[in-house]
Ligand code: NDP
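First, one chain by itself in structure tokens, the form predicted on its own.
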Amino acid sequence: MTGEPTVDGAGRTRGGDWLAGRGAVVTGGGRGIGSAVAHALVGAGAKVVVAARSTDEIEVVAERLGAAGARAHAVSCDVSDQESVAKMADRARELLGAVDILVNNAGISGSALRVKVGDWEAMHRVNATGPLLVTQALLPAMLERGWGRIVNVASVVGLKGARYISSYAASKHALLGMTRCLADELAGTGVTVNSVCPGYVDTPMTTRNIGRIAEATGRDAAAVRQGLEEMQPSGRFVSPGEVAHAVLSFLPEAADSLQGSELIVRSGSTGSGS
């Protein structure tokens, strides 16, 4: 790898191909954070597989990256289904040669006040079990090579909780717990596992969450959004590119000492959780 990364606010990498030769898988890669991470990775020289259930969306992302000269591939995957994950992992290895970097970003959202048990279980299946299944599929080869980077996209609500998104917050608590335990297990192997914990990110998922909050409270969606933006350090939501920047901070060769860390990403501030 060459040089050290410099990433701008849009998640674009400057200053060389420091991830040249590395293969990366990004789940939930069809839009929002996942798409921004994929763009940032190829900007640093990595080969990327973008994976998601939404085949049309990941194909668009891969085509755009390919048109810009990057090596990017779309592979359909339902992270909640073990057979689908296994097929994606095999295909990713075929396309990339090796998977050195895994970004577990796929996720769904919802509330818990009147949630059905089946919906609760489905959310945990995607947001917590999904990262476990993908990690189990790709981790053994990383351990054999003695190098790997796993970054789980969690949330600040996985650290402290929040109203109206209880089931989502609970699933992110589970993801952070898994991250911390796996980090201890992988200490000294050359494979690291860390998490980024964004605040509200300006994505379609956030827009849907705002709609749920508006429905639950009887407020106007625009007023809900404004109120949430005013709660952020810079008075705005985090951009997907800012989250991508945080993800890339865990990937350099010199980041071996970062194990089980939680990088909080809010507009105007970042910090480490505990």
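Numbers for residues come from their place in the sequence shown, where the first is 1. Predicted model, so just to flag it, every value in this text is computed and none were measured.
Same protein, other form: the form predicted together with this ligand, not shown, and the subject of what follows.
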- Is A46 close enough to touch this ligand in the predicted complex, meaning at least one heavy atom pair within 4.5 Å? no
- Interface membership of V115, this ligand in the predicted complex, 4.5 Å heavy atom rule: no
- Task: Look up in the predicted complex whether A106 has a non-hydrogen atom within 4.5 angstroms of this ligand, and give yes or no.
- Result: yes
- Task: Report yes if any heavy atom of G241 sits within 4.5 Å of a heavy atom of this ligand in the predicted complex; otherwise report no.
- Result: no
- Among A169, V126, L96, L182, which has any heavy atom within 4.5 Å of this ligand in the predicted complex? V126
- Note on the structure: From I101, A154, A92, A72: within 4.5 Å of this ligand in the predicted complex by heavy atoms is A154
- Using a 4.5 Å heavy atom cut-off, indicate which stretch of 244-252, 227-235, 52-60, 212-220 touches this ligand in the predicted complex. 52-60
- Would you give me the residues of 193-208 that have any heavy atom within 4.5 Å of this ligand in the predicted complex, in order from first to last? P198, G199, Y200, V201, T203, P204, M205, T206, R208
